[in-house]
Every structure is written in structure tokens, then in C-alpha cells.
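Only one chain is included here, represented as C-alpha cells and corresponding to the form predicted alone.
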């Protein structure tokens, strides 16, 4: 038993390293693709697809400067915390027909908590840097985080509640369970409309979670010269770049798992390795489409909001849209 347990632990560690590496590489690639497509939509040439990789390697060899007024151990520890928390979520996400590495050891509620860690870490890092610009950015990040949590939780709770009514005997908040029981097949007409509202809610929450335009008020280069990250450089800034790329993959994957978990291999009656390969490729295509719609298109089409506009948008119309989705799914169940 001890030998089997040890082998299982070693296997999970190796699997975690592989998943983290692939997640970072895919995240940086999609980040480059995002910048390229945004440039094309704005009639610009844009950077090459490999630019995020070049930026990362360049930052890693640059001097890591710690401000004189900073708290060094917090200032240097926050980038590591941010990256680790983002990478940890990858271990709970199913990819195509591949189950999550830590299946059964956590659920979507844990993922919501893990999603708050990068934001909390950046807030702490901003305050610890001693910069007035970073302090303002940290305050904005706190306000924005408190604003988008309600619609995010509403979306997750709504899907979990519907699953609990249909399958009361299973863990309805397990991402693997949600991935295997798509919401669209569990609801009627009213519930279908409610699920659309929930999807739109998550689509608007995603750029806020990622601090992308129009919700990039914590950084706001033209106002705060970089805000939270204004004092970061070198290795620390490189780690933040990796965390941002990884979190982009995480949020897009969460949208896919909650609303588009379908695989393509059953259409071709495939099994085994070919099915896994085709489903994984299909997952990457869905990942690209979700990132393009929820991140690239929105940040090109919409100008930056002010912090009061961000707070109002999440607390009032977006939260109401999420609650309306929940109500419609509830009515669909009882009628």
C-alpha cells in the first residue's frame, strides 16, 4: 500500500509539473494571439506571436529592483503567490475528455476562493511597494474584486442548484460532474434563457477578473502609470506576466466547463488516444473563441470605465442579470 501511495504521489507531482508548464506555454501563446488580433482589429501591425515569450525571458535577466520604502519579503513574495494560486486552479480543470488531475480533492467553490488569491496578492503587493500610484491601484482592485464576486458566485450557484435538483446523489459543485452534465440539456425554455443570462454574466465578469479593458482601472497606465505594478520589474514582473497568462486560460476554461463542455470525438465514433487528442484540440479551439469574445473583442470595442462605473456595472446590471438567470432556472424547475 505504501509503495502504491508513493507512486501515486510521484505521478501527481509529475502531472502537476507538466500541466503547469503546458498551461504557461498555452497562456503566453494565447496572450500573443490576443495582442496580434487586437492590433489587426485596430488596423495596426502588432507584435509577433512570440512577443510574450520574448518579454518573459527579457524580464528574467533584468535587475529585480525593490523600492526603498517597500516591505521586501511581501513585495517579493506576492508574485510567487499570484502565480502559484493561478497554476493550482489548472489542476482542477478538465480538458476535453481528460479528467482533472485533482479530481475529487476540490470543487468549484475552492476555485472561486483560489481566484481571489491573485487579486488579494496584488492588493497586498501594491500596498507593500510604498508607491502612491500602487496604493490607489490597490484600493481600486479591492473595490473591483468586491464588485464582481457576487455575479460570479451567482452563476456558479445557479448551475450547482439546477444539478442538485436533477442529480441529488452527486457532488454538484465538482467541475468534473458539471463538465459531464451540460446545463443546456437539463433545462426547459425558461431555464435555457436563464442559462444564457448566466453565460453573459460570466462573460462580463471575466475581463474584470483579468483586469482587462474596460475593467483595467487598477493598472490604468494613462492615469496611474501602471498602478499595482508600477514598482515591479525584472523577475517579479515576469512572474506577474505568467500569472496573468495562466489566469486567462483559467477563466476561459471555466466558461467552457460551465457552459460548453461538449466533446467532438463521439461524432466520429473515436475512442482511446485519438479521442483524447481530438477532444483536446477541440478544447483549444473553444479556448481561443472564448478568449477572443470575452477578452480581445471587449477590450477593443469598449473604452476604459471609471472605478465608480465599474462598481455600479457589477453591483447593479450584471448582478441583476445573474439573479434573473437564477430566477428563470428556478421557475423553469417548478413550472
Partner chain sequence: MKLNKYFERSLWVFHLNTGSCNGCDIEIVAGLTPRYDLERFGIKLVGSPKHADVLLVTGPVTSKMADRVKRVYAQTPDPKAVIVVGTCGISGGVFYNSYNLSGSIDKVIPVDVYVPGCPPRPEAIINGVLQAWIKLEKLRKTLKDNSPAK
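Positions refer to the first chain, counted from 1. Predicted model only: the values in this text are computed from it and were never measured.
One more form of this protein exists, namely the form predicted together with the partner chain; it is left out here, but the text below deals with it.
For the residues 280, 309, 51, 271, the 4.5 Å heavy atom test against the partner chain in the predicted bound form is passed only by 51. When the partner chain is considered in the predicted bound form, residue 287 lies well away from it, no heavy atom lying within 4.5 Å.
Though the partner is left out of this view, residue 304 does not reach within 4.5 Å of the partner chain in the predicted bound form, counting heavy atoms only. Proximity of residue 233 to the partner chain in the predicted bound form: non-hydrogen atoms within 4.5 Å are present. The closest non-hydrogen atom of residue 47 lies within 4.5 Å of the partner chain in the predicted bound form. Exactly one of the stretches 287-295, 22-30, 263-271, 60-68 approaches the partner chain in the predicted bound form with heavy atoms within 4.5 Å, and it is 60-68. Although the partner chain is not shown here, in the predicted bound form the stretch 234-263 places heavy atoms of just one residue, 237, within 4.5 Å of it.
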